[in-house]
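Shown below, as structure tokens, is a lone chain in the form predicted alone; questions about how it binds or moves come after it.
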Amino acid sequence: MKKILAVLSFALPALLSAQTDVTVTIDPSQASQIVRIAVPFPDSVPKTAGATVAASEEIREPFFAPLTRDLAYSDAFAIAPLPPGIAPTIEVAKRAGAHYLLKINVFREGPDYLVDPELLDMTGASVLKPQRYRSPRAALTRTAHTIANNILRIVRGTPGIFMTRIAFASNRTGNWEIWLMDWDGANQTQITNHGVISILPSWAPDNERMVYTSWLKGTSDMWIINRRGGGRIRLHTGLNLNTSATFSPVNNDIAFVGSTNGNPDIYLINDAGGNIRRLTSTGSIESTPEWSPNGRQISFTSGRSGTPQIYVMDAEGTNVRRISFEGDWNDDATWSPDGERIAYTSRVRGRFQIRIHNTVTGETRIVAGEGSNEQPSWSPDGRWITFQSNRGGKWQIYRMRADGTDLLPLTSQGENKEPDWSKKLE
């Protein structure tokens, strides 16, 4: 509802260190499953003709810091502290209580950095398939995420979220445009440059495309774009209002908010712009549709009870039921990947907070914080939530665990809103 009111207001003119210091909360129930990994600062030994040493300051922040943060926040690893001034051998790592030793060599070859990681168990055997990464300085952080992902896949058998991306809207260039960033806020990249309001990005399930709302043609329209900024397609609906679009996880349908006579309702359209279907028609404002992970249900906000509340309906628009009963304003629902939790924005004592509803037990809990905290989006592994908050005076995007711990700001330039986390692990 807050989204649709914001969109309507936009539409009025048209319609009218050596080891990174990381503090991580570890669930006691998971402590026995945590693997301790020693990660000494990389060596820099040139291994090709004409190569040069990489200075520590060149790789500390763009590479080593995100690598150790990824591992520390993985829920799988704890960083085993190594004694300073001593060569990081297997025996030293053993004495530090490590199960693995990650040795990395980084050197320069022309403008590029060559990265050679080696993961050793405590017998000295290599458990990471040898692979050299060539990277320009601007891509060193993505290289760090890739290595962390590969290590987690080897040790736990599943990928991490380190290669996932968060789409968001930012006004840092003077207009609201669509941007992307890594899961930890690195590599913030603008992907639209319309020079007009472009907001509300939402990922397709393949992580390759996004749908968003833009006034590029003078009206609120939905556009599909690939994550590199190309392949832009406008969805023609014939409606006066088109916004809050979200892809189905199982087919080519897109749920969105549309209006013909000033009353917003929930519609479906396919990603080619055909087969438009209207799902709601109560006379109240309906907004912010979101698909369940299996594509069988859609949550949405409705004012039909007198205040904005969260409802769920089948994907055909049938079997409508209300699920939010605490608070006089609830909006922006989003499903966890396992379908067992729905996070949404809830007004609590005059300001907005993130509330999490358990779809099995019906219980809810508030993830409290300073300021107003709105528009949550789940990580594809269900462990993290990104959201927007004005706790610092301006709207910025933050990340936290689903229990509210390990809070981290991800943006700081301009104002930033409406985060949407990519949908699958890579």
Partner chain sequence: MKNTMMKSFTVGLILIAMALIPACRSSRKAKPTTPTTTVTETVPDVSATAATETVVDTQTDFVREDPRPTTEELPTDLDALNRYVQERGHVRDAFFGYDESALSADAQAALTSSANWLRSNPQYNLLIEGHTDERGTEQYNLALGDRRANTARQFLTALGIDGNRLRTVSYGEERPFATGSNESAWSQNRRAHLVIVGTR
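Note that the structure is predicted; figures quoted are calculated from it, not measured. Positions refer to the first chain, counted from 1.
Below: the form predicted in complex with the partner chain, not depicted.
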Close approach of T237 to the partner chain in the predicted complex, 4.5 Å, heavy atom: no
Y133 within 4.5 Å of the partner chain in the predicted complex, heavy atoms: no
The partner chain contact at T243 in the predicted complex, heavy atom, 4.5 Å: yes
4.5 Å heavy atom contact, G174 to the partner chain in the predicted complex: no
Option from 158-166, 92-100, 223-231, 262-270 whose residues, in the predicted complex, bring a heavy atom within 4.5 Å of the partner chain: 262-270
Three-residue site S287, W329 and T345 fully in contact with the partner chain in the predicted complex at 4.5 Å by heavy atom: yes
G110, G274, P83, G283 - the one with a heavy atom within 4.5 Å of the partner chain in the predicted complex: G283
Among the candidates A255, A204, I199, V115, the residue which, in the predicted complex, approaches the partner chain to within 4.5 Å (heavy atoms): I199
Sequence-ordered residues of 359-388 touching the partner chain in the predicted complex, heavy atom within 4.5 Å: E374, Q375, Q388
